[in-house]
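In structure tokens, the next block holds one chain alone, the form predicted alone.
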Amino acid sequence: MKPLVVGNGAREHALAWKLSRSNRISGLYVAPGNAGTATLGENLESLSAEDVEAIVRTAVDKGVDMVFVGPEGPLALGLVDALTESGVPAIGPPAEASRLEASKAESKRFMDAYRIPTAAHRTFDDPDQLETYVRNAGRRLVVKKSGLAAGKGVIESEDTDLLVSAGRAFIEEGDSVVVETHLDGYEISLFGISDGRDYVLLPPCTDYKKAGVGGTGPNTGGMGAICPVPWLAPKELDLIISTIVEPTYRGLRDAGLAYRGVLYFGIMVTEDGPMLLEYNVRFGDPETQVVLPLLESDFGNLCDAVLHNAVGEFPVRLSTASALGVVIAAPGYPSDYPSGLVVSPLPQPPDNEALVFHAATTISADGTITTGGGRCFTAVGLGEELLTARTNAYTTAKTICFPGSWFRPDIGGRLFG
């Protein structure tokens, strides 16, 4: 198998790393890739992840056997549809099914249609109606941009003026706004991989979305993650599967939505039971970086099972270890941040202790690595106990240095009071 991974983030580095360890792989491309993926295969640096025509043409010209689409943007643009039309197998949903993520308003309609528990909600296209509703709701609310927002389109606040101004701004950008009741509890990320008929679940994880210590500050794309989640009881996971996961896959089949790929369930576990916050139609970042190291099954074989409608018979083997990821970010993130920062020589910890995944980095002819985004690296610690994984992650994170680099010091902190 000669796959092509689309994207340049730490998620795509983790996907490329996992595929490179497969016995099936005879070659590997990443478009456009980063300095980390360059050590695993051939980066196609001239390609943009959202240039559908160029990616399809390149996949055909290079005889690619499979395209694994990492980010949501190309999926919403119809990359999988175009690849399928050209005879290139792809893992990822078509554009129609991708609207489960590309439109929060549409995803809420899907949840309602298939009786999937979620927060009470309303969708607005008129800013005045939104303001009237928010000011008179009498309860804490969350305002969400309906369209894609790279993890930054959710406003949680007790400040009504802030919610109104944010909602108005989203609508003025030409988008709809979903306003829903704030839920109390703890969040879980769960990933299913489906061939359109059957699915397998990967171990539950949780990510840390806020920029500040203790879950304070603005939302980010994710500042860290852990897997598995020790405070999620088996009976709670069973309830999530029966009330959210199973009805979702039944709904996809009933709605005739061809879904071959990864589906993310963002779940809030509340006192009243699990509630679905949102769908993503791809692996999450930074969750991918902590989930894939715990998958012991050959990832190339799993991808092949997806392409050949054999997921139902695929033997998923999972490690009993734990993983904890810490994101190292550029100064100023998630607001304005510089790029092109020179990175000090990176650590090379033993693979059984820690891993380092790049995001949007570049490497020059002399080996100098520079940053290219807001979230620049994920340091993943591994260990039989989560405390050991945490120690390994932070030991590694402290050695990843560039001007102004920073990370949250409390990832996994719930474990330790």
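The first residue of the sequence shown is number 1, and the count goes up from there. Because the structure is predicted, anything quoted here is derived from the model rather than measured.
Another form exists, predicted together with ligand AMP; not displayed. Remarks below refer to it.
Contact between Arg122 and ligand AMP in the model of the complex is not found at the 4.5 Å heavy atom cutoff.
Among residues of the shown chain, Asp198 is not one whose heavy atoms approach ligand AMP to within 4.5 Å in the model of the complex.
A residue is said to contact a partner when one of its heavy atoms sits within 4.5 Å of a partner heavy atom; Lys144 meets this definition for ligand AMP in the model of the complex. Within 4.5 Å of some heavy atom of ligand AMP in the model of the complex lies at least one heavy atom of Thr181. Considering ligand AMP in the model of the complex, the lone stretch of 76-84, 127-135, 271-279, 164-172 in range is 271-279 [heavy atom distance within 4.5 Å]. Residue Val154 is the only one of Leu302, Val154, Ile244, Val343 with a heavy atom lying within 4.5 Å of ligand AMP in the model of the complex. The partner is absent here, but in the model of the complex a heavy atom of Glu187, alone among Asp298, Glu236, Glu187, Glu106, sits within 4.5 Å of ligand AMP.
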